[in-house]
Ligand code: M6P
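Okay, so here's just one chain, in structure tokens, the form predicted on its own.
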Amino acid sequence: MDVPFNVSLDLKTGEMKPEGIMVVRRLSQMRGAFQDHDAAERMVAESDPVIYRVYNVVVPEESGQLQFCTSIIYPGRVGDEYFMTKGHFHQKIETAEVYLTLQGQGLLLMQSDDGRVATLDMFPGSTSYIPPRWAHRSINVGSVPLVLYAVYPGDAGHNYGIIEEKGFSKIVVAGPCGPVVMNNPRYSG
């Protein structure tokens, strides 16, 4: 982009105008991400719920530019596992990202390329730093949409393939007293 511009951001809903490129992820597009395949298939057959939306501002994907977007992860679960984003590494692995949580409650699940795992609480006003070389996934553990604003280098790119193939080593499920981070029984790291 070679000219300055504004985008209007609704701080409660995460909607941007102009909306740029909107990505809508339904459960049918994320079947393999959840542990309970039977529950996922029933939900797809009944309503195929929207798990999350992303509003991407149109900015060139090149060095020197900054990409920014909002993600809205809806409340819900597939079996005991909370609704979440697909999760990804950056294609250019040496790039970082910042998330500002605007609404809702969540967990930011991260895993480095050498296997370290970290989680950060997401709540209105929390600002999370995702270092280079860390895959990241946002998980809505609340009862209202989790809305976050993200900024990252223009040439970072997204690598979803590793997560689709191997998953994260941890998952987040509903426990009797709230969210529980546990080992992923299907992790193939």
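Just count from 1 along the sequence shown to find any residue number. Every value quoted in this text rests on a predicted model; they were computed, and no experiment measured them.
This protein has a second form, the form predicted together with the ligand, left out of what is shown; the following refers to that one.
State yes only if every one of Phe83, Trp134 and Lys166 has a non-hydrogen atom within 4.5 Å of the ligand in the model of the complex; otherwise state no.
Contact check failed for every one of Phe83, Trp134 and Lys166.
Just one of Val50, Val44, Val54, Ile162 has a heavy atom within 4.5 Å of the ligand in the model of the complex. Which one?
Of the candidates Val50, Val44, Val54, Ile162, Val54 is the one lying within 4.5 Å of the ligand in the model of the complex.
Using heavy atoms and a 4.5 Å limit, would one call Tyr152 a contact residue for the ligand in the model of the complex?
Result yes; Tyr152 sits at the interface with the ligand in the model of the complex.
With heavy atoms only and a cut-off of 4.5 Å, decide whether Gly104 touches the ligand in the model of the complex.
No, no contact at 4.5 Å.
Does any part of His88 reach within 4.5 Å of the ligand in the model of the complex? Heavy atoms only, please.
Although the ligand is absent here, His88 would touch it in the model of the complex, with heavy atoms inside 4.5 Å.
With the cut-off set at 4.5 Å between non-hydrogen atoms, does Arg31 touch the ligand in the model of the complex?
The answer is no: Arg31 has no heavy atom within 4.5 Å of the ligand.
For the stretch 22-49, I need every residue with any heavy atom inside 4.5 Å of the ligand in the model of the complex, listed N to C.
Residue within 4.5 Å: Arg25, and no other.
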